[in-house]
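The chain below stands alone, shown as structure tokens; this is the form predicted alone.
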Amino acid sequence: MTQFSTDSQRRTDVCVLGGGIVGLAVALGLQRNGLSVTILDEGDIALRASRGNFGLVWVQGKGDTLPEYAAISRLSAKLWANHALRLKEATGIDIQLQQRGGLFLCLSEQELSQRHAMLTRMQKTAAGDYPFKTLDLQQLREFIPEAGPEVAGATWGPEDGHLNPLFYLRAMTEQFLQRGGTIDNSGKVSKIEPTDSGFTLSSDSGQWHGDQIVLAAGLGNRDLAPHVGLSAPLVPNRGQVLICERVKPFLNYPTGHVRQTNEGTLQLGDSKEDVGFDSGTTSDIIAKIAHRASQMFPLLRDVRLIRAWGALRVMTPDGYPLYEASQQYPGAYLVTCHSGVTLGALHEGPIADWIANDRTELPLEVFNAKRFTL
């Protein structure tokens, strides 16, 4: 149940703007640090990537041009098992985390060769500490016998995994409320005013005052960041997702384009479309996703499509996250990324610790927005 305060100006240690996966993960970590936290959320009309994503905890290939991003993605993957366990112990909700490894299937020898070259470069940059394997079709079929003859091969990442993102969102919400957190989902924050003692935030429901604030509102951060001397040059990127009927379990590992849920349904996706704020679906993209999936796994040709949706990724110009503390208004922080599931354990852990204690050993200097103006 959402909890509200009735004071004319309600007060909290930290106001987190955004109640999706990113905001909730940070909020839980701040509570763990002993802070009172209020989440200000736009509500169900928000462009919520948390309800439309693929549910991957994915490492391989992330950070191919930025080693620090590869490092924090791998760190988050290592923290995930404990994060999921604590959520289950607190709420009884199993978010269905599996980290047995993941496969990226390639439909041509050229694609497979390019991917092998990219991961080899990443491995060299990491001084050899970057595990992966490149598999031909025969080797791939040792993992997934149903892989089709049009598949050239795959790359294997032992650190990859997946989970149920809706259960994850629900579990974090329940734990946050159990700990006494407040969620005010009555509308957008229209104004942020820095004061001598923190920040005053105005929305349709009135005002909140927080000693600190965290901007975790996804695409909404673009408009919010300038209020506190920060910049968030974000753009939407649409991904369409298809859900197929339940079939006999055959896919014991997530792939970059197809994954099977615990319930047996199949999730297909990974379109990347620059269409502004249109979160709809289109028949041409649905057809391309379905065709590619059936090339990878021919058994899908006779499987029925149940539903489809579109969701908007939160993208920076280079695709990497923004983690930045305001120099102009100390106490204001920006946290935004397009990999909220993969980085969830990082956000609940080291990122929340950074905000709570104003110090960190993470290489966050490479993730501030100044990189776009240099």
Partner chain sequence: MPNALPFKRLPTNKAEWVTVYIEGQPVKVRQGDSAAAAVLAAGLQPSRTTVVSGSGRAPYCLMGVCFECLLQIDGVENVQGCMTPAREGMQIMSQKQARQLNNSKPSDLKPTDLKNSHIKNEDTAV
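Residue numbers count along the first chain shown, from 1. As the structure is a prediction and not an experimental result, all values here were calculated from the model.
What comes next is about the form predicted in complex with its partner chain, which does not appear here.
J.: Glu111: heavy atom within 4.5 Å of its partner chain in the model of the complex?
T.: So Glu111 does not count as contacting its partner chain.
J.: Taking any heavy atom pair closer than or equal to 4.5 Å as contact, tell me whether Leu135 reaches its partner chain in the model of the complex.
T.: Residue-level check for Leu135: yes, a contact with its partner chain.
J.: Contact between Asp204 and its partner chain in the model of the complex at 4.5 Å, heavy atoms?
T.: So Asp204 does not count as contacting its partner chain.
J.: Is Pro158 part of the interface with its partner chain in the model of the complex - any heavy atom within 4.5 Å?
T.: Close contact exists here: in the model of the complex, Pro158 approaches its partner chain to within 4.5 Å, heavy atoms only.
J.: Want to guess which of 82-90, 245-253, 211-219, 226-234 is within 4.5 Å of its partner chain in the model of the complex, heavy atoms only?
T.: One stretch meets the cut-off, namely 245-253.
J.: Please identify the residue among Lys191, Lys78, Arg179, Arg100 with any heavy atom within 4.5 Å of its partner chain in the model of the complex.
T.: Selected residue: Arg100.
J.: If you look in the model of the complex, which residues in 122-148 sit within 4.5 Å of its partner chain (heavy atoms)?
T.: Going through 122-148 in order - heavy atoms within 4.5 Å of its partner chain in the model of the complex - the hits are Gln123, Tyr130, Pro131, Phe132, Lys133, Thr134, Leu135, Asp136, Gln138, Gln139, Glu142, Phe143, Glu146.
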